[in-house]
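Heads up, the chain below is alone and in the form predicted on its own; it's given as structure tokens.
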């Protein structure tokens, strides 16, 4: 799905929302009809307005960097002419909204911040107003036209701002999901055997992530057992121990078993002093021991083989 269409759904931009926005910005059919009647004016001054608009953007160091070469400038000017003429199409329907979201997403994609976006629109209004008063001999009609175009431009900037925010939130959520994935990695070390090496502090939020991730991966891999290695966890307190016990119980309900490895003497003493019952899980001090136990649970073992004139090595054989 294209991003601008996704944001139509995220921002709930349906017919009812469109009607609500149009009412709030006071965009009437009369406004749209007035702008449509000014289409010849727009076609007459499009090039002049677009050229002066880009004089502002290319004359400012912060906005100039978004247009690195002549080909880019030529392309965006062509797009800007289409956008400008769209203001005088006499339409403000869902197709118009979708097109505005596409423009907003394109600007967000290149990293153009909202301060430059709003500043550019100010220049737009200034130029349009200047040429409207120059073209129309009737001051009253010129003011009405400026008022109509201001409503539509404000409507557009609100849509663009909403798109910016939605895109930023979407990016933040994707980054958070990646961080969660990295903080609770699950590795397949053998058929139906999983390993989750934990490093760093575990708070209540991460403890919940551990449980969610463990249960999901156990089901996906149809695992027989999962090794949770806590050698990299600096502190194991009551909450962490309780969370591991609950995770073990949940894994057991799925027909699998949990092996807890990496238990140091200090951690063992802490768990005993806290009185946490970890009798439901297998506990071992070293990860290697945990892997051997896991293999035995799935009917396999590690056996040493000796070969003439060669050092022995350890291989996994089917049990």
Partner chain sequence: MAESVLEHHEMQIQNEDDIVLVRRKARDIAQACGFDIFAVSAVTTAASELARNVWVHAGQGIAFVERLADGARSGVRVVFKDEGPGIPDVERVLSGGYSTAKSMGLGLSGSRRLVDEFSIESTVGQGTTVTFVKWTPY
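In this text, all values refer to a predicted model and were calculated from it rather than measured experimentally. Residue numbers count along the first chain shown, from 1. Here, rigid core means the biggest group of C-alpha atoms that superpose within 1.5 Å across both forms.
One more form of this protein, predicted together with the partner chain, exists but is not displayed; see below.
245 is the sole member of 245, 211, 230, 97 with a non-hydrogen atom lying within 4.5 angstroms of the partner chain in the predicted bound form. This chain is displayed alone, yet in the predicted bound form one of 150, 72, 129, 238 has a heavy atom within 4.5 Å of the partner chain; that residue is 238. Using a 4.5 angstroms limit between non-hydrogen atoms, residue 261 is distant from the partner chain in the predicted bound form. Although the partner is absent here, residue 269 sits close enough that one of its heavy atoms falls within 4.5 Å of the partner chain in the predicted bound form. Using a 4.5 angstroms threshold between heavy atoms, residue 265 counts as touching the partner chain in the predicted bound form. Proximity of residue 202 to the partner chain in the predicted bound form: non-hydrogen atoms within 4.5 Å are present. Exactly one of the stretches 202 to 210, 112 to 120, 187 to 195, 157 to 165 approaches the partner chain in the predicted bound form with heavy atoms within 4.5 Å, and it is 202 to 210.
Comparing the forms between the shown form and the other one on their rigid core, the Cα displacement of residue 101 stays under 2 Å. After superposing the rigid core, the C-alpha of residue 163 moves by less than 2 Å between the shown form and the other one. Here residue 70 does not count as shifted, since its C-alpha moves by less than 2 Å between the shown form and the other one after the core is aligned.
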